[in-house]
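A lone chain, given as structure tokens: the form predicted alone.
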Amino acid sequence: MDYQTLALDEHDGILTVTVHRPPARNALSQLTLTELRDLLTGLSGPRALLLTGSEGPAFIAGADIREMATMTPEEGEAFGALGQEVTRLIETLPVPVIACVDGYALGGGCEMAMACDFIYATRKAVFGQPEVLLGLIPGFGGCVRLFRRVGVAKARELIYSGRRVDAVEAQRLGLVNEVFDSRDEMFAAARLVLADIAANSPVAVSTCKSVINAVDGLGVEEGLRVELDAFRAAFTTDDMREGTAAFLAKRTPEF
């Protein structure tokens, strides 16, 4: 399928999805969100996904303010629902997803990055939820996901103030996993870790992701039950038989 605002590249089982709206600093328009939703719905084939923005001052500068400025409450709700649908699709993809952030990741851009499994960034990256400066609030999951990454008190501070943080502070807060000196270095590291993950059992990796998502917010006892159910189910898979047999035979598993 041809997309107007996305560029796709698949290599060695890793699908790179680039939001490509350079004149708008890769801002998330209704069209961009619709294309992301269509791409991610029922996505199959890739072993991993890398989300980024076209090279320039921004990863994703935010949602498209020109479009939002004239929206009615009903249109705003529909726009927010679309953004939430996309971030939830990213979050629940059965494969690992890394956000590679170079430049501004503000508002909807920060929310897209937080929906990924983890975030790599260059030293040029800047994160924030500045919606209050526009009389708005985060609408694509910022109020839900940011405190899970950085803690409730720090999330309140960042959301209420609209303050931006650079890549080094974002890493210190736990929002970013690694910070790199260049865009190329960041992509190389991301592809390397995704290749390492792709060599593992895809069923096991997918199950780990679903368990982590499912236990978020649960008590310890409830979470352990979810984990135990998934652990039991793992014993029914061909990957488990292949992985254990390969270990005992001292050979590389063929998943």
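Given the structure is predicted, the values throughout are model-derived calculations rather than measurements. The first residue of the shown sequence is 1; numbering continues from there.
The same protein has a further form, the form predicted in complex with a small molecule, not shown here; the description that follows concerns it.
A.B. asks: Consider Gly219 of the chain shown here, and say whether it contacts the small molecule in the model of the complex, taking contact as heavy atoms within 4.5 Å.
C.D. replies: No, Gly219 stays farther than 4.5 Å from the small molecule in the model of the complex.
A.B. asks: Quick one: is Phe79 in contact with the small molecule in the model of the complex, heavy atoms, 4.5 Å cut-off?
C.D. replies: Output for Phe79 is yes: heavy atoms within 4.5 Å of the small molecule.
A.B. asks: Please run the contact check for Leu106 against the small molecule in the model of the complex: heavy atoms, 4.5 angstroms, yes or no?
C.D. replies: Close contact exists here: in the model of the complex, Leu106 approaches the small molecule to within 4.5 Å, heavy atoms only.
A.B. asks: Is Tyr120 near the small molecule? Define near as a heavy atom within 4.5 Å, in the model of the complex.
C.D. replies: Outside the cut-off, so no.
A.B. asks: Counting only non-hydrogen atoms, which stretch in 202 to 210, 24 to 32, 45 to 53, 220 to 228 is within 4.5 Å of the small molecule in the model of the complex?
C.D. replies: Checking each option against the 4.5 Å cut-off leaves 24 to 32.
A.B. asks: Considering Ile197, Val215, Met68, Leu39, which brings a non-hydrogen atom within 4.5 Å of the small molecule in the model of the complex?
C.D. replies: So the residue touching the small molecule in the model of the complex, by this definition, is Met68.
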